[in-house]
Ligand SMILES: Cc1ncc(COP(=O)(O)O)c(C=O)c1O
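First, one chain by itself in structure tokens, the form predicted alone.
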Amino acid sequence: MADSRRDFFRKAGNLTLGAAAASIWASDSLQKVHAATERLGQASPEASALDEQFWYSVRGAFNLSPQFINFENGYFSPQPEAGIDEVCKNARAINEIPSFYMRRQLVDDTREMHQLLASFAGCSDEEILLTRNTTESLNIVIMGLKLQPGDEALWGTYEYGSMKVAFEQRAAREGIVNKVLDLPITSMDNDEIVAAYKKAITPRTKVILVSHIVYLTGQVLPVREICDMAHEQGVEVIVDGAHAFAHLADKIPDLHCDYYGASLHKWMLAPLGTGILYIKKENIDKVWPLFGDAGYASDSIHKFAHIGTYPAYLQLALAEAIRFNQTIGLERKEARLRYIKNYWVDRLIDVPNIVVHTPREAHRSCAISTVGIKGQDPADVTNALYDKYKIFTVPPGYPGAVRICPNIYTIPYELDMFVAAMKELAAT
């Protein structure tokens, strides 16, 4: 197995360097995606976003249920069929030599996987760790920060529940102070948002938690500006990238953050139960591991990886997800995701009784947006969308809102179905 795994990773590594040879693809559908990408040539991301022939090729890489239209990719997204095949192939290969693999080969293969993911994320492999999801990644940081009683953590009411609870637990156990912002961010411009965070900082503020994309509404927050402002005040920043990684084209270092966590099973289209943790190299030594570890130096990112035995075949399949994303291109992908959001928003924005809650500017939203119908409970709207029109989505907890999360396999016909359904429901 060692030789085949080395060959596998070499192929993935070559693609990272730009050698996208069609022969490496595992299925006919992925070869078609590669060929379609070649056909696009030098077309801009914005022009490529309109090329429905190309995106039908992308859709063909997925095995999608005909039972309903899926607009809930925010929980997690389906993998392309080649990704599922890779998970199964790895699971079978490891199962043939179970303990031998885990004891003799896992460390080397995981190191190579970290190198691939670091290249994809734009950072050093000494700053990145594979995890199971965003919650695990950010709990490692939140629970590991050396905070004293009275030290302040600053975050907004719109942050994800698991992160808020982690900070609340530290407050209950250790006496840190949570300073919580309740900002009308959807009606604020980026400068106003940055100014509000700055105003809330005090001499006791040690860390800010902020989402790159807010899970409730899909709003993109100005995290780089927040990070730069915070650093001027001597404050560190944790970025929740759950919905931003491989959704927006930004590389992690572009954000100037100190800590970053994301789930790869969302917009990266990777196996369910895979995540990423980034800690700036100079910060690693000052963060305690969530699980005790004596096998690595205190300044090694791998001291945070001691979670016990885990399904390695999931993480090894990330190479396939990296290849898939790189063949499409992150800038092209981001442009398409924004286009399909605008496609339905532009058709509903002026419809009586319909309210779009997410800012429309290109730099303030991408694939995710929230919409509601005046006077109707969001749960009733989502139930009607599924029961009457076989469109699946959820109310995220934002007042009056239904969250719409299409993906790169979504086609205009499905968006047209949704627009027609919302118009009918709004008229009742």
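All residue numbers are counted from 1 along the displayed sequence. Owing to the predicted nature of the structure, the values given are computational and were not obtained by experimental measurement.
Here the subject shifts to the form predicted in complex with the ligand, a form of this protein not shown in this document.
- Using a 4.5 angstroms limit between non-hydrogen atoms, Tyr339 is distant from the ligand in the predicted bound form.
- Thr135 belongs to the set of residues with a heavy atom inside 4.5 Å of the ligand in the predicted bound form.
- In the predicted bound form, the ligand sits within 4.5 Å of a heavy atom of Lys266.
- A residue is said to contact a partner when one of its heavy atoms sits within 4.5 Å of a partner heavy atom; Tyr259 fails this definition for the ligand in the predicted bound form, lying far away.
- Contact annotation: the ligand lies within 4.5 Å of heavy atoms from the stretch 238-246 in the predicted bound form, the single such stretch among 282-290, 238-246, 199-207, 221-229.
- Only one of Phe120, Phe324, Phe71, Tyr215 lies close to the ligand in the predicted bound form, with a heavy atom inside 4.5 Å, and it is Tyr215.
- Met163 is the sole member of Leu129, Leu255, Ala82, Met163 with a non-hydrogen atom within 4.5 Å of the ligand in the predicted bound form.
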